[in-house]
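Before any questions on how it binds or moves, here is one chain, the form predicted on its own, in structure tokens.
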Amino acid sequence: MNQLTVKNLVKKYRHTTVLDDISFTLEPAKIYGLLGRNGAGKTTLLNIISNRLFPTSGDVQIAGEDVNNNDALLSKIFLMSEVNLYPREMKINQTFDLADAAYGDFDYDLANRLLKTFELDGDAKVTNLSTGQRTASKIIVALAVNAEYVLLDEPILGLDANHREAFYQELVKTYQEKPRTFVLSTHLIEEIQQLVEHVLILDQHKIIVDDGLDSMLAKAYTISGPTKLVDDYVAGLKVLKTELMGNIKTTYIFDDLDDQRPIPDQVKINHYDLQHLFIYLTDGGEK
């Protein structure tokens, strides 16, 4: 497997910029989380990577070759999206055959097992499925398709809690058995934190974070205690949010802490999770 590189990607619709100079790399055999608020450009970005949309400028490359209209390279990329691209009369089983024809070596054994897991009838027509059932049928194709880069745009739309948990378990299982790169774009950040290894955050049409999950969370601290002591301790650090309750102040930091910085006895330091870090990073923040 070769890495996929996005270089200086720009997408504009007339005078509206949707993606503004986006650059990053997707490494082989890694699970990524692509996060962003509504309208940040996540779906547009995934559509450009998979060649469903063309950028205004910039490139998407695999091993240094442009994927644009390159069938050999595009056969390495699969996008699962909310859009239904199948004919009205097509059955779930027939979507498996389409994936096999396009990518080759479709894992029918896995797909048939997943039909039972998600309680689906392979002879059911896609257009007759509920939103959650249609999502599950697309998940089955995405997990069983023979592609090196699997892009999942809102892959849990309409799924109940049981089927979401089944999806997470099956994703990990297939990733362990056949390592490849997955990109999960979802709003249920808390649920995917245990899955992703690397995080990309889009905000205001730019990539503001491109980092390993562990590295990110290692810099996500809450500092709480008497206001004066907290203010003194966080001076010079990147503060994303503050909360006050009487004389007790809590600040949410996204920064490295200096081991030499003395910690007052009344000040407590803890970590916070990916979902709150995302919220604070994309909610304006503080200087």
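These numbers come from a predicted model, not from an experiment. The first residue of the sequence shown is number 1, and the count goes up from there.
Unshown form predicted in complex with another copy of the chain; subsequent notes refer to it.
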Item to complete: Scan Glu190, Asp123, Glu177, Asp109 and let me know which has any heavy atom within 4.5 Å of another copy of the chain in the model of the complex.
Response: Glu190
Fill in: One residue of Glu197, Asp160, Glu89, Asp105 in contact with another copy of the chain, assessed in the model of the complex (non-hydrogen atom, 4.5 angstroms)
Asp160
Worksheet item: Mind checking whether each of Glu165, His276 and Asp283 has a heavy atom within 4.5 Å of another copy of the chain in the model of the complex?
Response: yes
Worksheet item: Since the chain is shown here on its own, which stretch among 93-101, 181-189, 138-146, 210-218 would lie within 4.5 Å of another copy of the chain in the model of the complex, judged by heavy atoms?
Response: 181-189
Worksheet item: in the model of the complex, does Asn38 have a heavy atom within 4.5 Å of another copy of the chain?
Response: yes
Item to complete: Answer with yes or no whether Glu119 is in contact with another copy of the chain in the model of the complex, where contact means some heavy atom within 4.5 Å.
Response: yes
